[in-house]
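Only one chain is shown below, in structure tokens, and it's the form predicted alone.
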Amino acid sequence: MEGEDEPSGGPMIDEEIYANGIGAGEEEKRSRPIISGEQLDVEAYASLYTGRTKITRLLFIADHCGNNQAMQLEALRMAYDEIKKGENTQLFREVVQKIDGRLGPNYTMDSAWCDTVDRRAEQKKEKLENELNAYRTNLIKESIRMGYNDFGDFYYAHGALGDAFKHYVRTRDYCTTSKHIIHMCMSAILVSIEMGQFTHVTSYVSKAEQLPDNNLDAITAAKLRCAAGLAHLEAKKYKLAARKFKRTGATPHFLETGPELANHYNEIIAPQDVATYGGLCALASFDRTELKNKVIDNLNFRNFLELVPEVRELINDFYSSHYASCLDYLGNLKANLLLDIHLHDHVETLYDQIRNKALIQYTHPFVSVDLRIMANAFKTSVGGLEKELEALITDNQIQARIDSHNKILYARHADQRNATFQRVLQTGSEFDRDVRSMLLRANLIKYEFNLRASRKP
């Protein structure tokens, strides 16, 4: 492997090789914390969330944990217990069907509970309808707003998300203050996220953010950034998502999320999620300068990264070009990330983008790279590495060619001398054109070959 400044190899190149994952000695062992590759602790994970999202995340784990029956049953047991604290009988019946008697007699169909809850729900619905009709008759805007809001809460609690969204949105016509509008937007965002309607999320985040800044407290602003980050993540706009998660504080996006969020949005997202989502999206989409300035040196986002040391370390390793260690962290985190309800569909794409960026960064400083050494650094075969590099070269992301016989990658650096001459010639042509244009204009004016504006009578 040859560097541009030291074509003969030597100590500097050897150090660079070791830094990229070869010859890891005692120093690397001391600097690397333990990689967490343990099975997901379902109970600890679920404790990070509240409300409906806690149940949906548990059911997602149960549906996607593969052949791990112990994890599946643990998730279903916790979901069963959590649902019994609420009033969603439809979801309760679905969970009982999934359990299918595997958790014993204490986790079977409780028809008496369902009948009681349904009967109480009918009575409450009738009461809410009577109250809302009375409010509409009296034309009291604040009471009508609260009536629709109560109906939205009722439907949300019973799992009728479409009806809940409809009633929350109806409060818009009866909002008299900015706080009312913000409350309406936050309720619509909550239900939209639960339904997976992220276009609605973006719309209502925008509505809330367009209000005067003094009406948005720090916590609400942080919540809006997280919601926007989730919407961008779902749309695979990873760079925008990263910015939202980073600025959940004094800046705007995931990286814009500040410490004031804390545990105030557990019905949607936990602080650990902000670190994970924002960190991975940043790795996949930011260049080195942005990674340094907006992630590593971001004091607000650093507070979130401390909650997930593995993500913090893989970001630092990536920036320091310790790719073997970085890929180790990613590999160990992958199984648990695939059980995340929002990240599941994006793990493979994010991992591919992060790996491609690592390959590009590895080859960038060198005139030539030994593929055998590079394959060891990335813990892959030479043949597999060749295919990855071929794809990047074809996509014009790496300017290089591969010597398949000697297993060497040669960089195609632009001819700087020729490029400089071309720029000089182009500049000269532009200057000549501008001077000719000015001389022509001067002569036209001199000999009065110009139209004068006619005076109005």
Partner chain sequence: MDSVEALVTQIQGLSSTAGDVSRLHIILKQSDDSLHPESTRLFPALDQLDPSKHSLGYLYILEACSSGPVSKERASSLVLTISRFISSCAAEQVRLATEKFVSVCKRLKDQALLLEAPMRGVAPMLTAIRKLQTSSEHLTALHPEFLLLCLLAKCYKTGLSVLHDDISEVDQPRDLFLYSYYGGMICIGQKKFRKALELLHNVVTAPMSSINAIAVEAYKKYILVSLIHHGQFSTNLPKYTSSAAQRNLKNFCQPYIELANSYGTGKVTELEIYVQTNREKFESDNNLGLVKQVVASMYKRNIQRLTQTYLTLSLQDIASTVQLNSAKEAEMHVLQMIQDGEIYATINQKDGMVRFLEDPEQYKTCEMIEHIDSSIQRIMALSRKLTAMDENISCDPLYLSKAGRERPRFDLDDYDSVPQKFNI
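Positions refer to the first chain, counted from 1. Predicted, not measured: the structure shown is a model, and the values here were computed from it.
What comes next is about the form predicted in complex with its partner chain, which is not displayed.
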property	result
Distance check, C65 to its partner chain in the predicted bound form, heavy atom within 4.5 Å	no
Exercise: L59 in contact with its partner chain in the predicted bound form, heavy atom 4.5 Å	no
Any non-hydrogen atom of A400 within 4.5 angstroms of its partner chain in the predicted bound form	yes
E386: touches its partner chain in the predicted bound form, heavy atom cutoff 4.5 angstroms	yes
